[in-house]
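Heads up, what comes next is one protein chain in two forms, each shown on its own as structure tokens, labelled structure 1 and structure 2.
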Structure 1
């Protein structure tokens, strides 16, 4: 099964993708994770991507498309895949369709997780990450036992630049103007499955399973 998860920043796409891929036995392809790894390593592509990510803007298509194309060609995608964070524009959707067509593949479902804007700001601005082991935390939903200190390794917790409120609101504006048209794009093709993203992780996951069953 080949799937895409759509939705604004903070809608829970990454969390739900991990659960779905475990159940379906297919790999999760998260461009966000791959880009952040490149940023941490300080590669030329990572440095280029960081300037866009910190400003809350979309990373250019040529950077993202190259990453995803290579990933889809790997053997573990033979039985299917879950795309999380790609495509973000209709131009990327067209590029994806071309890639899949070359391989004789097609998309089965495009799941769109929807959530209120202020809820998204609250979710994202509360995120913290350990500088040493990269463990994720949230000041409201998953706080560490000691403020500012990682439970696992004792490392310092920090707020990523793209999780600060000003950058978050810029990312949401970018999403609305550039990424939301994908909803219409996939709806026209009969692939879109809308899911309410409010509630517990389990509640949202059950809605997704019903949408793709």
Structure 2
């Protein structure tokens, strides 16, 4: 199954992807996680991406398209994959369609997780992320068992630079202007499944399962 998780920053894409991939036996492909890894390694791509990410802007299309194109060639994607945070522009969606066409693949569902702005700001400003396995936590809504430590791998939890107030505001504006048009794009293609992202992680998870069943 080939899926896209769409939705504004903070909607819960990463949280749900981590559960769903375990369930469906397909990998999560998070362009945000891959870019943060490149920044951490200090690779040329990471150095280029960092300034865009910190400002809450999008990294240039050709950079992310290249990452995804390479990633979906990996053997673990043979049974499908879940794209989290990609595509984020119409140009990326077109590039993805071309990429899949070439491989004789198609998208099964585009799940759009919806939440209002007030909730998104609350979620993003309290988010903590594991430096090692990238698992998302929240200081109030989804706290780790031991403060500052990842339940899953024991890694250190930190606050992403782009989860600070100014960058959060910029990211929400970027989403509205550049990514939200993809909702109509996939609706026209009959692939969009809207899911209410409010409620507990479990409730949202059940709604997604229903939407893709």
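Only a predicted model underlies this, so the values are computations on that prediction, with no experimental measurement involved. So that the term is clear: the rigid core is the largest set of C-alpha atoms that superpose within 1.5 Å between two forms. Positions refer to the first chain, counted from 1.
Comparing the two isolated copies of the chain, the second one is the form predicted together with ligand AMP. Assigning each C-alpha to whichever rigid part's superposition fits it better places residue 57 and residue 134 in two different parts between structure 1 and structure 2.
Between-form comparison between structure 1 and structure 2 treats the chain as two rigid units and finds the smaller unit turned 27° relative to the larger, from C-alpha superpositions.
The Cα position of residue 150 changes by 7.9 Å between structure 1 and structure 2 once both are aligned on the rigid core.
The two forms line up on their rigid core, and residue 138 then has its Cα shifted by 3.0 Å between structure 1 and structure 2.
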